[in-house]
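Next up is one chain by itself, shown in structure tokens, the form predicted on its own.
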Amino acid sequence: MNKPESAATSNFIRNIIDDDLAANKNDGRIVTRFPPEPNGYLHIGHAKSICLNFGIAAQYNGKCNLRFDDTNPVKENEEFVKAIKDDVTWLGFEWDGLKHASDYFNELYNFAVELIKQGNAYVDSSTAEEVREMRGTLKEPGKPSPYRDRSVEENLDLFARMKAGEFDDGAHILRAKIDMASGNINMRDPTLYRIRKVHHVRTGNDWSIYPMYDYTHCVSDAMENITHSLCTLEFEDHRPLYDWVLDELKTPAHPQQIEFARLMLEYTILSKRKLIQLVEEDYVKGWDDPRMPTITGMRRRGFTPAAIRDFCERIGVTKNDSWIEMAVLETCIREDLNEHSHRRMAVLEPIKVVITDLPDGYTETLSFANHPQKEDFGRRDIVFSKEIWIDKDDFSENPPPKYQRLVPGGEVRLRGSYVIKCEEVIKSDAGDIIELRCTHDANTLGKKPEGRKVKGVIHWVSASAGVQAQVRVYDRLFNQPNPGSADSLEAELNPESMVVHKTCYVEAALSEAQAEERFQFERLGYFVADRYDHTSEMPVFNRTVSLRDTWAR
């Protein structure tokens, strides 16, 4: 797999790296990393970080590691590890090193012992509630723990016994000894280790204690000789702790932490807690539901890696959080699919049309281009027959103003075929339309009708040659641009976020579609063959996006 070409759009991080290279900092090396915790599925916000870290490495001929921050075995499993690898690969990137924080458990422990010996760490036997109370507030300094002045010997003994599994969860923690009066709460003797007697997927039951993220992260970066540790703005207040740990340990490498604004996308929730709620409370059908902002959900909906990379590049990298309009993401996928998708015809809500002046069993083979601007995409044959399907919205007995589709006594052109005229509307006893009876102008195949102007063009599918299919029309999951503020998620959900059309008809060529193959359904939008449910016997398509932005603002 080749690395995708990286764009060279300037941003403040690239400017920093340019200056570092000019000064020959780090001997001209550029090493980044993407460090997800394997406790869930990645989402579009993670995609921004993936594209940034891997993109920077590619642009500067550097390296980028994929490192799993697997220090909380309570919430982590191999399912998430595999999903993260799949997502990174699908987006078009490959890692130079595959790492795990657990690779460094021995080193992390030994470094913690060194901090104790220096007098920079101590074992605190306070309860979690007592620790919180002692930490203080943004306006009030913290209070020192009564265990803060334990001797080095006692701390070493307790820490070794913590490692040996002698104590229950929560009995002790290891804290850094920094400054309980610091204006930065993260520097008020932060926790470095806690007791967790939990099986770890990689190290089994070897460890009874696990390091905290803020401690693990900086040491792991140093162990891997990372040059630029790129993270989102919520870690800006943690940077002094990052630097303190590395300074006190005097590690050979001291990576530079640089923070950037996280992604905030309208009509989308990226909070892991709320995404879990959506899944567990059955508001969606799993992590790969096409309405979810997870990478696996977006993939199933038909988004392309190129469109997601393009989106991440377009929104840029800044130091200020700001909301990105959904239209930006949708524009990226429309442009990509418009360029690369074959055209097909599909009828989602079918009404039968019988062309009465054609003989029974009549069929005719017509040739259609797969793409109107790309001859190299080739052509396909479509059967035209006496009976066809058209969409319910393309006929109206009482048309609104400027309606340019089929009406009683009116004419319309069938896409790539003939002009037809509606002569009769057949209804059931309940008043429902059963079929439309029409005639056709045999002289209008590829020609304009003589002496009259027909404006409307509608799509159609042969009743005899078409294939029955299921089509799922997806839209934005939330009806509020900035969801998450209401008392319940349900109050902000878009009730039309998924509409399933179970009896649709598509042209015969779509029965040969492969899972994840993408198309433009003419006049309807861009669709993808579902990666799980689609078969040649029962095609299933998901709408990726409409042809244009029709969202009611």
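Numbering starts at 1 and runs along the sequence shown. Since the structure is predicted, the reported quantities are computational estimates derived from the model, not experimental observations.
There is another form of this protein, the form predicted in complex with the RNA, and it is not shown here; the text below is about that form.
- When contacts are judged by a 4.5 Å heavy atom cut-off, N120 does not count as touching the RNA in the model of the complex.
- The closest heavy atom approach of N24 to the RNA in the model of the complex falls outside 4.5 Å.
- In the model of the complex, the RNA lies within 4.5 Å of some heavy atom of T127.
- Although the partner is absent here, E37 lies within 4.5 Å of the RNA in the model of the complex, judged by heavy atoms.
- Between the options S271, T251, T191, S396, the residue in contact with the RNA in the model of the complex by a heavy atom within 4.5 angstroms is T191.
- The contact residue chosen from A222, L241, I173, L158 relative to the RNA in the model of the complex is I173, the criterion being a non-hydrogen atom within 4.5 angstroms.
- With the partner left out here, the RNA still marks one of 111-119, 400-408, 472-480, 346-354 in the model of the complex; by a 4.5 Å heavy atom cut-off that stretch is 400-408.
- Contacts between 301-336 and the RNA, taken as any heavy atom within 4.5 Å in the model of the complex, involve R314, I315, G316, V317, T318, K319, N320, D321, S322, W323, I324, E325, A327, V328, T331, E335.
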